[in-house]
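What follows is a single chain, given as structure tokens, in the form predicted on its own.
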Amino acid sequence: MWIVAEQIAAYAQLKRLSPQTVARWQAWAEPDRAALWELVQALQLGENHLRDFLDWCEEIALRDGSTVAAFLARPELRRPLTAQLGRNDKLKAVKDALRKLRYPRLSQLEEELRLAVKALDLGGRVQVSFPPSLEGEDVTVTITARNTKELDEHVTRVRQRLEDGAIQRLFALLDQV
């Protein structure tokens, strides 16, 4: 028990973490502190990432009536740590998995939108994108063409998807946010 607290203090000094962030982490129950310590150490989290992790872990534990240690043991959060990835890719994978746990409805909606865009079958030169974290109502369609014939083909395909209602599904999904 004492070892983790001391390791956190040494890490905080090395990474120049704020006393408020460290105090918040040190106030957790020992198993929760130790579980996060493993992630922090593996991912070499700095102040901002650590605060994000603290926020999300506390919110998930409160919402689910669980402990931080219990959900940090989940395979989708552990798998990236042992994968052959660089530090940034591991961090991104763990943050993505943690974000899905924190925002399950938003994550499910993002997946439904991804599948709906794929089903449009607009080709690789027509991109459909949504606002970050789906905050907003705008759908952006970007068409890349090498000539007028290709542009006409892409526009025709988009127009067909408008007429058959497939694109309307995207807006209907966004209305669920």
Partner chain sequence: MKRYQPEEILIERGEENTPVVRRTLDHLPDTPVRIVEPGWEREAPPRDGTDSFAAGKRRLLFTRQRSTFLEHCPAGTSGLVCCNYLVVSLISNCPMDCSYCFLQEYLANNPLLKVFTNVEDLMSEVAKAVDRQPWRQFRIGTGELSDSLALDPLLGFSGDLVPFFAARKNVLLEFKTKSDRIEELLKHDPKDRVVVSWSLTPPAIADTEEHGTASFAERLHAAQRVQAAGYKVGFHFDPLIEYPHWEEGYRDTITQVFSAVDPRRVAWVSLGSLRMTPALRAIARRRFPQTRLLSGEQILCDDGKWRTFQALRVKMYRTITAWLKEAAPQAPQYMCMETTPVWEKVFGHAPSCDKDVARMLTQPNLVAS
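Just so it is clear, the model here is predicted, and its values are computed rather than measured. Positions refer to the first chain, counted from 1.
Just so you know, the form predicted together with its partner chain exists too; it's not on screen, but the next bit is about it.
Chemist: Considering non-hydrogen atoms and a 4.5 Å limit, which listed residue (Asp121, Glu135, Asp152, Glu112) is close to its partner chain in the model of the complex?
Modeler: Residue within 4.5 Å of the partner: Glu135.
Chemist: Should Leu174 be counted as a contact of its partner chain in the model of the complex, where contact means heavy atoms within 4.5 Å?
Modeler: Yes - in the model of the complex, heavy atoms of Leu174 and its partner chain come within 4.5 Å of each other.
Chemist: Does any part of Ala29 reach within 4.5 Å of its partner chain in the model of the complex? Heavy atoms only, please.
Modeler: Because no heavy atom of Ala29 falls inside 4.5 Å of its partner chain in the model of the complex, the answer is no.
Chemist: Hey, in the model of the complex, is Arg157 touching its partner chain, heavy atoms inside 4.5 Å?
Modeler: No, no contact at 4.5 Å.
Chemist: Does any heavy atom of Pro104 come within 4.5 Å of a heavy atom of its partner chain in the model of the complex?
Modeler: Judged by the heavy-atom cut-off of 4.5 Å, Pro104 is in contact with its partner chain in the model of the complex.
Chemist: Do all of Arg24, Glu58 and Arg63 end up near its partner chain in the model of the complex, with near meaning a heavy atom within 4.5 Å?
Modeler: Verified in the model of the complex; spot residues all in contact, yes.
Chemist: Tell me the stretch among 104-112, 30-38, 121-129, 139-147 that has any heavy atom within 4.5 angstroms of its partner chain in the model of the complex.
Modeler: In the other structure, the partner sits against 104-112.
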